[in-house]
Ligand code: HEM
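The chain below stands alone and is given as structure tokens, in the form predicted alone.
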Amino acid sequence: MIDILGSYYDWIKALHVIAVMAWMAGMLYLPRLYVYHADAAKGTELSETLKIMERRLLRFIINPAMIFAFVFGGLMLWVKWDYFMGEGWMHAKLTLVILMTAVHGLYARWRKQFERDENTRPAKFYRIWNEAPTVMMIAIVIFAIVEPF
């Protein structure tokens, strides 16, 4: 099985990168919607529209993209386990991926709070959290491309 997957490794890597790009696009956009939502009065047309946008973004783009990124990334690890697991940069990258997944979970929790009109945080809170995926993404890309250690 590993030999078959190995012959498609470049395709698996390409699909992994595509999934990660979609995941990150959503992770960068969702908290921006939260910034607007935090400033919108509860029950207004804007608030209700943002609820729909947030739910659809999370369910139809961010969640599936994360799952595909994990599947294709996992396949890459499986095929080249020895190469990757002996490298410190891979451990650092995977640690940041776990942190990114935790941020994803926070974003999902906050979406539910907005859905129930229970948000109490100001827009500035979400502006700050909008930067977390950016910082992690930069570090992940550097670890994966430069392999600094």
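Just count from 1 along the sequence shown to find any residue number. Just so it is clear, the model here is predicted, and its values are computed rather than measured.
Another form, the form predicted together with the named molecule, is not on view; read the next lines as being about it.
S.K.: Go through Arg121, Lys112, Lys80, Lys51 and name the one with a heavy atom inside 4.5 Å of the named molecule in the predicted bound form.
M.R.: Only one option qualifies, and that one is Lys80.
S.K.: What is the one choice in Ile61, Val103, Ala40, Leu94 with a heavy atom within 4.5 Å of the named molecule in the predicted bound form?
M.R.: By the 4.5 Å heavy-atom cutoff, the listed residue in contact is Leu94.
S.K.: Even though the partner isn't displayed, in the predicted bound form is Leu15 close enough to the named molecule, meaning a heavy atom within 4.5 Å?
M.R.: So Leu15 does not count as contacting the named molecule.
S.K.: Can you work out whether Ile145 and the named molecule are in contact in the predicted bound form, taking contact to mean some heavy atom pair no more than 4.5 Å apart?
M.R.: Ile145: contacts the named molecule in the predicted bound form.
S.K.: Heavy atoms within 4.5 Å of the named molecule in the predicted bound form: does Ala22 have any?
M.R.: No, Ala22 sits far enough from the named molecule in the predicted bound form that none of its heavy atoms falls within 4.5 Å.
S.K.: Using the partner position in the predicted bound form, report whether Tyr29 sits within 4.5 Å of the named molecule, counting heavy atoms only.
M.R.: Heavy-atom contact with the named molecule at 4.5 Å: absent for Tyr29.
S.K.: For this chain shown on its own, do Ala108, Tyr126 and Ala132 all sit within 4.5 Å of the named molecule in the predicted bound form, going by heavy atoms?
M.R.: Answer is no for this spot.
S.K.: Only one of 113-121, 52-60, 31-39, 80-88 has heavy atoms within 4.5 Å of the named molecule in the predicted bound form; I'd like to know which.
M.R.: In the other structure, the partner sits against 80-88.
S.K.: Considering only 117-146, what residues come within 4.5 Å of the named molecule in the predicted bound form, judged by heavy atoms?
M.R.: If the 4.5 Å heavy-atom criterion is applied to the named molecule in the predicted bound form, 117-146 yields Met137, Ile140, Val141, Ala144, Ile145.
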